[in-house]
Structures are given as C-alpha cells and as structure tokens.
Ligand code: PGA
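To begin, one chain is listed below as structure tokens, in the form predicted on its own.
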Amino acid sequence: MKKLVIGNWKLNPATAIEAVRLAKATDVEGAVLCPPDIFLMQVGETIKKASLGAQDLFWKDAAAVTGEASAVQLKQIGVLYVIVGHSSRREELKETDELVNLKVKAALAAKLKVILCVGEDLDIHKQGEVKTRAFVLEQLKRDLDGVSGGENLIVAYEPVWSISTSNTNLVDTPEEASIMIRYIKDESSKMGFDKVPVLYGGSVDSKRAKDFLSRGIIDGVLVGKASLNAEKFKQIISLV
C-alpha cells in the first residue's frame, strides 16, 4: 500500500480565494486535502489529482441540528475521507469516545474512508509506557465498539504531548512512534481489524516526515501546519 499524506488545514485559510490557491498548489497525486467545510466545494472543484477530505461529520443523516454536515452530504460534494476524533476536537469541544464511535459508524456506513485519531496527552505520557498503551487501547476499544469491517478504516496516532512542543518542549521520535504504531496495529488486529493502516499524526515538517516515513511500520502522516505551505507539503508528498 502506498503511504498516505493527509493535509489537515484546520481553520485555515481565511478566504475562499486563498483556499483555491492552496488547493491548486498542492493538487498532487497521493495527497488528501482536508479544508474547512466552508471551502470543501471550492477545493473539490479545483483538485484533479489529490483526494478531498473533511475534518469532521455529524453522526445522523437527517436531524434538527444546527451547524453540522452529515456523511451523505459530504459524499455528495466529492468527499472521500473524513477525520474523526481529532485531538483538538476532543480537547476543545470535549468530544467523547462515545460520540466518536457514532461518527465512525456513520462514516463507514456511507463508505467514507475514516481517519480515526487516537493518542495520549502529556499527563498520560508522563505515567509511562504501560499507562500510555492502556489509554490508547481503551480509546480504540470505545471508538470502534460495535464496528465491523475495517476496509475503510485508517488510524492516526497523535502523541498530543508532542504536538504542542511550544508548551512541553518535548518531541516524539520515530523510534517511539514506531513502537506505539506497532502496538496499535497488533491490538487492532486482535479486535478483528486486520491490516489497518496507521499514520503518524504528530508535528512534522519535511525533514521529520522523512524520518517517520522511512519506517516501514508507519503508513503515512497526518500533517497540520506544514500542509498550509505548498512547497513544504509537496516535499512531504515526494517522500512517498
């Protein structure tokens, strides 16, 4: 399987003109671009080689709910991938594993490719490898409870403690990430999800991406800030 490079634009850029410009500049085979919902149609109409992804979805197809987009609606505008359970939503919006589980089921039912994010924060990380593994395994079990068929499932390991390096001064290493990703693959297999791709979702630029992607166990990267710089993002794409 060719390694995946997924660009999570988060709340960027500020305008549709900038979104289209960035999409044109990063429209590369093998890339998955995940702009804010408001720019999904413009980006989808712009790209010819890259795939379109969404940053989230609602877990019902039809409901009296404000400010959400369903799996069915996303598919209608060409979305192929969707990020679920990203650490920023778990932290800022207090998304629970139970809610993440509903979203995973809705996305898979609609035949979207799900990028399920799991990973530990600094408090858990400081408690050591045993606690970290237990935490991540519990996330996986809760998020995938009642889910069957993993052909459209992708997991992204987010070491949350490493992402906010300006606060913690800690940086994950390819060695550490490889150990956790192997563990996630082994446990996923025990749960019935054989050969699930597992990406690295920590902070990466082109240099760090090379270090991580050179590890055979790591199936790709979920890129944040660097995906907003066309040259840096294309450098990462060139590594796969």
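Numbering starts at 1 and runs along the sequence shown. Just so it is clear, the structure is predicted and the values come from calculations on it, not from any experiment.
FYI, the form predicted in complex with 2-phosphoglycolic acid isn't displayed, but the following is about it.
None of 199-207, 47-55, 172-180, 60-68 except one has non-hydrogen atoms within 4.5 angstroms of 2-phosphoglycolic acid in the predicted bound form; the exception is 199-207. Although the partner is absent here, Arg21 is not a contact residue: none of its heavy atoms lies within 4.5 angstroms of 2-phosphoglycolic acid in the predicted bound form. Of the heavy atoms in Glu158, some are within 4.5 Å of 2-phosphoglycolic acid in the predicted bound form. Under a 4.5 angstroms non-hydrogen atom cutoff, 2-phosphoglycolic acid in the predicted bound form has Lys225 among its neighbouring residues.
In the predicted bound form, 2-phosphoglycolic acid lies farther than 4.5 Å from every heavy atom of Lys103.
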